[in-house]
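Below: one protein chain in two forms, given as structure tokens, structure 1 then structure 2.
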Structure 1
Amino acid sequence: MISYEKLLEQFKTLLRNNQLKFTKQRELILKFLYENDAHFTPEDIYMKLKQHHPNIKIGIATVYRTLSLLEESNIVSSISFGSAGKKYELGLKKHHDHLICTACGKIIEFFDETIEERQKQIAKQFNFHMTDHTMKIVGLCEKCQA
């Protein structure tokens, strides 16, 4: 796993290359996602940041904007299902897909080489330039089947 210092450098370089600015708010959001390995809604992140950093001003709109920026830059990835809205996680770990329990909301991550390979072939077959792909398996987890 990449260190926070390296991630931060990478983010700063990305911003510089696109004439964007490095702000306290953007750093806070990135750091929060780095330190908390789970899936969060924008509201989750906004509340936690206000709580833990009462001295730094931050608006909910900035959280939404920053998450979109980070997602476009492939630093975070999002997942959504049902009416629950989008949830974000740091996307630097190895690419993976998700199993989602519709009863308890539990999210399990998995990776499957066969599926990855087929996806590449399918994109090729349709002359599609693939930039991203996602797979979700929705259902009931072991506990919730009881």
Structure 2
Amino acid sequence: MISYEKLLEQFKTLLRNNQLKFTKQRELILKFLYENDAHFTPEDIYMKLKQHHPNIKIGIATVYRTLSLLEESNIVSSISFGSAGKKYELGLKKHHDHLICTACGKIIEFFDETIEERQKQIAKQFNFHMTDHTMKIVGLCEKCQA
């Protein structure tokens, strides 16, 4: 994976290109996502940052705007939960797909070469140039089935 220093430089360039200032609050959002290998709502990120950095004033709107900018530039990716919103993760790790439990919200990441190959075959069959894809399988995890 890319080093944090390289990611930070990429982020600073992104901010400059969008005529936005580099702030400690925006950096904390990026660093949080870099250091935590899970999926988070904007509210999760906001609460964790407030908890770990009580002396730094940060607003929920800053979290939402920063996540939106990071997602537009493919630095983070999100999984939509419909009316329940989105969960975000750093988008720079190796491609993977998701199993999502509708009862507890658990997210399981997986990679399957057969599925990847089949998607390529389907795109080719329809003369479709695939540039990316996301797979989200929704259901009940083992614990919630019990």
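This one's a predicted model, so the numbers in the text were calculated from it and none came from an experiment. Take the two forms, superpose them, and find the largest set of C-alpha atoms that agree within 1.5 Å; that set is the rigid core. FYI, numbering is relative to structure 1, first residue = 1.
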- Item | Panel number for the form predicted on its own | 2
- Message: Relative to the superposed rigid core, does M130 relocate between structure 1 and structure 2 - that is, does its Cα move 2 Å or more?
- Response: yes
- After the core is matched up, is the C-alpha of E116 off by 2 Å or more between structure 1 and structure 2? yes
- Message: Give the rigid core superposed Cα shift of F11 between structure 1 and structure 2, in Å, rounded to one decimal.
- Response: 2.4
